[in-house]
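First comes one chain, alone, set out as structure tokens in the form predicted on its own.
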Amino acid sequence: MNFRQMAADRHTYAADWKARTGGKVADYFEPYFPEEIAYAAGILPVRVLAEHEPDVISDKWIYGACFPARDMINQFLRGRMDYMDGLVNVEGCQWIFNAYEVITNNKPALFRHYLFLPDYTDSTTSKDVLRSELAVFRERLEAWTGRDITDEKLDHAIAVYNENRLLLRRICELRRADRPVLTGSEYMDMLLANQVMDKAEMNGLLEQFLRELEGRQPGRDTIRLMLIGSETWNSDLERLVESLGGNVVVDELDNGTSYFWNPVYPQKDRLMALALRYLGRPHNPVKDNNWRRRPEHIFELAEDYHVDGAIISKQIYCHLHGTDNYAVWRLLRERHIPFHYMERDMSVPEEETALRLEAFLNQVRAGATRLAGWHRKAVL
């Protein structure tokens, strides 16, 4: 199943879906976007993904920004997103907010909405604040589409999205095996495709893919790695790791495992159930600024998936990950998990990156008996 091509063809898919269903398409940036509410209104939520291509346009609109934000503007100005009817931004990264402003100001006819999500996600009032924001969002979508977003429609949307998360979790669990049946690049391609397709359609594809995986023979024995850091937009880094004898068996990326990790627990107040889900998901550095739960979550994933080492990949200009890295570095050192730190833009310089990763993998191999028992030596 060519998930990589599905992600690459996302613009064509969205335009075809719109023509086929007569529905509206709403793009979004942040993984905190409450897709279930849009889906309940008959809207297709599509994650805006960046891609590496020549850009001589965005300088006019945004200066010195992170490369993904610039590329999103570049795609829009080139007409790649003409199918888009609305654009939603959830409070978070400043660079992404700038991209949101540029795009919506260049296309005033777009439905636009800024949704506030509390930075202190675990405060006593956060759930009530977010619930009120979701109520406003529902009302605005109802006015835009002319459709009532009833509790029954929300229940259906929550069920579809929970099924999607369960299928992704089942596939993710297969990576815990000593010799996983799927590679890190396959997995990332699947996750990216999942964020640009109708979840009901995607669920059928995931069930088919799961059956295919269950019939596969175990993969080769490799160095087991964890990918930490900024969001990714393709599987180039995972493929490079695989060419060097490694395999990314787990990640904690915002558009990786963190995207689907926790379900919505249904309750009578559907909006409160959604608020609790998005406030309770594994957080990125923007929202993990109170109790700093992210480092411990990283360690739990590393231990559960028996990783031999970690790659920290930080997007250039991503100051939030830059300030958070000291806590991650400290944790990995304390728990005796070898790691390689790298900064990147939209591309992965193949020769330079391969040279450094190969040295890191050789260091891990020589580190001690495949580091199979590193977690038993951890400083707890």
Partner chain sequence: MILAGIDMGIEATKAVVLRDGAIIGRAKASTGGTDRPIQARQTYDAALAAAGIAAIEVEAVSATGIGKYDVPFAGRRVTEVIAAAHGAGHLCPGATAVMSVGAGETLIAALGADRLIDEYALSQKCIAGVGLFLRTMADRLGIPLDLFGDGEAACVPTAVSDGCMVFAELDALSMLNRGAEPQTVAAACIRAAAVRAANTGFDLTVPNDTRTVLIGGTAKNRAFVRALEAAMGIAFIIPAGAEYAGAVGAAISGAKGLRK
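Numbering follows the first chain given and starts at 1. Predicted, not measured: the structure shown is a model, and the values here were computed from it.
Omitted here: the form predicted together with the partner chain. The next part is about that form.
The closest non-hydrogen atom of residue 349 lies within 4.5 Å of the partner chain in the predicted complex. The shortest heavy atom separation between residue 313 and the partner chain in the predicted complex exceeds 4.5 Å. In the predicted complex, the partner chain lies farther than 4.5 Å from every heavy atom of residue 32. Contacts between 43-65 and the partner chain, taken as any heavy atom within 4.5 Å in the predicted complex, involve 52, 53, 54, 55, 56, 57, 58, 59, 60, 63.
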